[in-house]
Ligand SMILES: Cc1cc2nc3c(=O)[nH]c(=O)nc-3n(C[C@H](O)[C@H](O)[C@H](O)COP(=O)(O)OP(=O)(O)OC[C@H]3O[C@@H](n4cnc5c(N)ncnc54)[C@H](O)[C@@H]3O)c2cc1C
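Presented as structure tokens, the chain that follows is alone, the form predicted on its own.
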């Protein structure tokens, strides 16, 4: 890599999974002037459990962080789909073959382990961080500029860079600036869904043998009912049982721009799942009242572009998704890896070629990411069916795959054709194959 390219100043807005992966991938490619600006004062508490798919693990292996992350996680042997009301097993998928087919299995982990591992690797490899930094007033003309205000300081300062990356999540300010510049309206979209996220410790579960068996088991379990479901799996070397629910959103303000989290009511949660089986209700009842928090699940209308000049969006800033396919973080990780490959192939540091590289990134990523967003929404519809012929057909499909190799599974996260599309696609090789035509 030529010195002029190595020394390009690259600024990333947002230190989430997408921003951290992008920063790490860039320095691994040889870029030496990479900065990440984050509004929060530190990484802090970063959510609960996360399902890490084989296509995500493949990239994290290449970045040198997967072993540490996987050591704290639990690989899934079986995926169990159960009826919420009765608790009976509707379908059981053997996931062990995924390791042979795609290199790893689905692995449940703690989001904090993932984020901290990425952050530590970024620091070791020279990525610079500016926390407590609010970014606004983005100017996309020529070399991008933006305004930074540090917490506790009244005055802001201007930054200019060669490449600007917006990785600031579903409520992205950089996306808003992009759309304003393009005079395009594409807003946050209400899904009508919300989620409780709960982490139960071994100590909290130890007095109920049936619940403790879930933590010591080898399954990811999804209990499903009309308009609702719960998915749960062990993480953190089986010291924590991670529980994530999805139910109709009734507790948030109507405005799409309102806060996406609220203090939850344990009584309200128990009422929502009141017709689920006794095991589930005992499990939910173990959650301390003060730890009940509800998240609003929003997505975004597809954007006309992710790129303008020397600016590009990554992750939830451009393709937020429902969590029902287990691909939200994976697609942000793919974004960072692919972006770094095209930028590393720059023949020179000209604005023209930087834009070509960013447009190649968009061409490689946009359709795939948006297809998976749509597939996650489709899976949600199938999981949440009410009484009728459609649900009867779904349940027959679940019953047909009680054991053995995954086939056509209504829960898309365990469908063999979806695996081929998600896990079997090597986004890094695909990007490498496209480089020859980018800078013509």
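Residue numbers count along the first chain shown, from 1. In this text the structure is predicted, and so the values were computed from the model without any measurement.
The discussion below concerns the form predicted together with this ligand, not included here.
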Using 4.5 Å between non-hydrogen atoms, is residue 379 touching this ligand in the model of the complex? no
Please determine whether residue 198 contacts this ligand in the model of the complex, using a 4.5 Å cut-off between heavy atoms. no
Should residue 145 be classed as touching this ligand in the model of the complex when contacts are defined as heavy atoms within 4.5 Å? no
Report whether the minimum heavy atom distance between residue 173 and this ligand in the model of the complex is within 4.5 Å. yes
Sort through 164-172, 366-374, 90-98, 270-278 and report the only stretch with a non-hydrogen atom within 4.5 Å of this ligand in the model of the complex. 164-172
I have 111, 316 and 329 flagged as a candidate spot, so tell me whether each of them has a non-hydrogen atom within 4.5 Å of this ligand in the model of the complex. yes
Just to confirm, with a 4.5 Å cut-off on non-hydrogen atoms, which of 398, 37, 31, 66 contacts this ligand in the model of the complex? 37
Only one of 362, 244, 104, 117 has a non-hydrogen atom within 4.5 angstroms of this ligand in the model of the complex; which is it? 244
Heavy atom contacts to this ligand in the model of the complex at 4.5 Å, residues of 2-21 in sequence order: 13, 14, 15, 16, 17, 18, 19
